[in-house]
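Given next are two forms of a protein chain, the same chain in both, each as structure tokens and marked structure 1 or structure 2.
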Structure 1
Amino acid sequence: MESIIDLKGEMSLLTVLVLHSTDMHAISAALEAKRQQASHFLERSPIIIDCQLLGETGLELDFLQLKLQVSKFGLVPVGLRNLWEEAEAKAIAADWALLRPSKQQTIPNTPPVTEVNLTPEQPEAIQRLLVLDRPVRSGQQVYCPYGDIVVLQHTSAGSELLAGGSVHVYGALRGRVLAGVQGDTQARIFCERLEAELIAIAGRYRLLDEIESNLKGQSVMIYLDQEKLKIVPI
């Protein structure tokens, strides 16, 4: 009999939400702040909740409310990891999956971009420019929250660039690129060949299907003009 379904193991890139507190009001406020910073990056993203920093205070988590809050902000909860052992039964009763710790994939010399910390500390030295001299591969995310990103080669389909400032790609721009993620409406995107699945500046975005055909594959500059995304050849 021909199989109806296949069950396969697969490695996929997921966002990790690192909890520093069990206070649901604080968690909700932090999630709202993250949504305002990068709403289109997080929208409908599968997410893992990491509880390692909570230790035994993980017993105080309201697991039902946590799932509701995560879903409320448009995220898709996958499961919990690094939970205090004594809290596991409580989490399972709230219909949470328990996951084993996993190693993250990152580009060398870049910050850990797959983690979303809910109580981040302001860095002592803010990085204003991140330069990558190699291609950005499919499944990789590059995040420079307060500065510009410069890619000296191409980006691949399935990759993501997120910058507080502007983005410059000296090659084909594929995948998703979000500039001005902190709300900077003066941010711009420059590339030698536009093939991106999604482009966004300060939360205003366009999909590849919505881009004029004569601009696809061209060298362009993307900017905001009175709340509207403009794409012009350069």
Structure 2
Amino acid sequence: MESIIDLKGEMSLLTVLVLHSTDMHAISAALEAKRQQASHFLERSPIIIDCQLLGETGLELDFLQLKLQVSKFGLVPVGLRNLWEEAEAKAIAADWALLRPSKQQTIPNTPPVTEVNLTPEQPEAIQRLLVLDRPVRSGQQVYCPYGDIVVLQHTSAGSELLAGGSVHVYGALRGRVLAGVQGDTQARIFCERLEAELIAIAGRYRLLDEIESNLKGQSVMIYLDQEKLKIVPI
């Protein structure tokens, strides 16, 4: 059988789901098959959907369904990457975050390649610190793969911060926040008011509902203690 999706571990923690087809039934069936192989593997994993192989047919994706299906299998959808540009508005309308492709990658308009070539970035191109002086709004995603993110305002519900390093928010943190996305267990999250939808460090997750209610709305620091996410007031 021709494969419909590939699951590839990448950057040690974020799993990438590479779509070969826009057929939602086929995708769902393929996910089900993967789950039967390794149910614990999918449980709660953050996942990036890669649309590179779809090229222009990315326009045909049912983005709402995609989100539903992925969530149904216990995956936590992080965002889409390498999506055909004209499909972006549609994806945003369905509440998807768009991951900007790294500089070396371009969206193919020639027949798609099978392997994504991840060349290491040039040392001078690596951003160590990203400072934002405006609120991060719903639908916006900020990605600093190898450095820290500092937000001088709030982040909105429906926004997302992804940092290789730590994240500091000098305001309410209402969106999702993922620190240490390359696996750095030393990364930390600091915020003035914890109202986040989801917090994660190096792949260990917690949703807002699972956060002790006395910590909600507080100034906190979040770090990893062994395997456990610790939230402490500051």
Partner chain sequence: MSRIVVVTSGKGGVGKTTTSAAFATGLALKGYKTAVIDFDVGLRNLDLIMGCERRVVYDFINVISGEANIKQALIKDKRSDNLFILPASQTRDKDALTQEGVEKVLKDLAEDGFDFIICDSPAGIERGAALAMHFADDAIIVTNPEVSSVRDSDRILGLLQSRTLKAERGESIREHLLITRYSPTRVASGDMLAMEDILEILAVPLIGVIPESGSVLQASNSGVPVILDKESTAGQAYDDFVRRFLGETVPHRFLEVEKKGLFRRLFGG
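Everything numeric in this text was worked out from a predicted model, so none of it was measured. What we label the rigid core is the largest C-alpha set whose atoms superpose within 1.5 Å from one form to the other. Residue positions are counted from 1 along structure 1's sequence.
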In this pair the form predicted in complex with its partner chain turns out to be structure 2
Examine residue 90 after superposing the rigid core and state whether its CA is displaced by 2 Å or more between structure 1 and structure 2. yes
inquiry  = Using the rigid core as the reference frame, would you say residue 50 shifts its C-alpha by 2 Å or more between structure 1 and structure 2?
reply    = yes
| message | Is residue 146 displaced by at least 2 Å at its C-alpha between structure 1 and structure 2 when the rigid core is overlaid? | response | no
Core-superposed C-alpha displacement of residue 61 between structure 1 and structure 2, in angstrom, equals 17.3
